[in-house]
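Here we start with a single chain on its own, the form predicted on its own, put down as structure tokens.
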């Protein structure tokens, strides 16, 4: 009897992370989903998935979960951690604390998570998928709005590319994903995609990661310039 595959959803208590957990669970995966406050993750509990505590901005929290999952084979890792930060329409100064929070959450956290769970994903010769944003594409940038968020996603893409070069040697496929404009707390009610549509598209990209390893793609599989 073939064992179920395992999906680790880092940041799974709401929005796109929750939808990833829902879809993978519905397809028979053993889903491990993280939340800063598991006691408040009512939607995840209703899905019946394994819920683990994780604050991606804290090294000790990442280390604790890594130790707990040591030896676990992970077929799909979804890194969904992210904050937008100051909402500005042009270049502007900002408090160091605001900028540091964005960079620590969107860049340092995913880097630490990559290192923490590389062995788990390598064991399954699986996929690491990082939720980035078209706003982090330098090649297509046409606005200076949300500069902290843009800078963080560009930096995240560099982390993803570096991880693809190193972990690809171990059979791990690594991709950076733009989910599209999605109706979440970050995307707002006017967005064009539902979480269900966005995640279904991204999962198709993940399923084809062998051919797309080391690239930056939107939810339809179209390549995005770095």
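These numbers were taken from a predicted model, which means no experiment stands behind them. Residue numbers count along the first chain shown, from 1.
One more form of this protein exists, namely the form predicted in complex with a small molecule; it is left out here, but the text below deals with it.
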Want to guess which of 120 to 128, 77 to 85, 138 to 146, 90 to 98 is within 4.5 Å of the small molecule in the model of the complex, heavy atoms only?
77 to 85
The small molecule contact at residue 36 in the model of the complex, heavy atom, 4.5 Å
yes
May I ask you to state whether residue 14 is within 4.5 Å of the small molecule in the model of the complex, using heavy atom distances?
yes
Would you check, heavy atoms only and a 4.5 Å threshold, whether residue 29 touches the small molecule in the model of the complex?
no
Check residue 73 for me: does it contact the small molecule in the model of the complex (non-hydrogen atoms, 4.5 angstroms)?
no
Counting non-hydrogen atoms within 4.5 angstroms of the small molecule in the model of the complex, say which of 49, 160, 172, 54 makes the cut.
54
